[in-house]
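One chain comes next, on its own, written as structure tokens: the form predicted alone.
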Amino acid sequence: MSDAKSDANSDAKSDVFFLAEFAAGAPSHAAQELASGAASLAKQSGGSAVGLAYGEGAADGAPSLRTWGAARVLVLGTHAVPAITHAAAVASALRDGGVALLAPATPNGRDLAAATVGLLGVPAFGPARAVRFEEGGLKVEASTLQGAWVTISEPADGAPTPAVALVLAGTFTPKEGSGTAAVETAETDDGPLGAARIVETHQEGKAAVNLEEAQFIVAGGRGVGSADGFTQLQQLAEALGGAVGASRAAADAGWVPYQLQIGQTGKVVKPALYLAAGISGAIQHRVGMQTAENVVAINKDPDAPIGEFADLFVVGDLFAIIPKLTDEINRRKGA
């Protein structure tokens, strides 16, 4: 059965929606991940993957979401405005059906998902590190130490709108295909949040790297000792093509901005590699990074808690190890 025929025969009440942010006509990496995730879930639900696209160039780039699994795309807006201005349009699109809305655990994704949940009064949960359908209900795996599965919608609850799952980066793997998605323009509905505007922006350079989407993270804790100590971590992160993160202790000390904090009261990340330098590994920090595929820790204290769950635990001076590691990576890149 062709994709087109399959899409035509799908039940709209079983569709899986996802948020897709665009910039300069290209979908974000999170949008690509969620498109593939929605397509996979839609096979379980008997529906189709439907993108809700917004941002600069969204109309021109929307058909490309088919590449990652979207059957249909609704364009919410094409201008650089706060994400929450699209909440009414998202709510309107979802009122007629669908079983799930996948939102990225990014600043814009969180804002838009929260506003949509408020307008619709639907169940929501996040951040989640896995999503699935089971016996007709939507379940998510919580990003906690226990990693418990939580049911956020039941097949018999009669809800006309989908449950919302806030999804961590790396939860789904983008799977490229071919074709273009059918594109429609969503009905204009500014709603109570439509008047929100961007009045000021700040460029903070390398500190503004999106940790939620980084595949390589070098994080520093109390053991880094100072703001200057993070310079070496930044150099290693650049060599890896990744981002710098920090524990709460480092952020509280003023060595890095709070936007780099990872943990229970900070960001939750899921990189391919998480290198923790001078971080003890307290439970509060572990909650924010335990979903990393590989964890490497460097610490002077052989009894540091992080050694209990690190894939590789190096006992030593981070200021002696990090520069050599950076040099070696750069050497291999240049070879």
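One rule holds for the numbers: they count along the sequence shown, beginning at 1. Quick caveat: nothing in here was measured; it's all calculated off a predicted structure.
From this point on, the text means the form predicted in complex with a small molecule, which you will not see here.
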Worksheet item: Looking at the small molecule in the predicted complex, do all three of 221, 247 and 318 come within 4.5 Å of it through at least one heavy atom?
Response: yes
In this chain shown alone, the residue from 279, 31, 52, 42 with a heavy atom within 4.5 Å of the small molecule in the predicted complex is 279
Answer key: of 171, 261, 106, 85, within 4.5 Å of the small molecule in the predicted complex (heavy atoms) is 261
With a 4.5 Å heavy atom cut-off to the small molecule in the predicted complex, the contacting stretch among 65-73, 42-50, 292-300, 22-30 is 292-300
| request: Look up in the predicted complex whether residue 266 has a non-hydrogen atom within 4.5 angstroms of the small molecule, and give yes or no. | output: yes
>> Taking the small molecule as it sits in the predicted complex, is residue 304 in contact with it (heavy atom to heavy atom, 4.5 Å or less)?
In response: yes
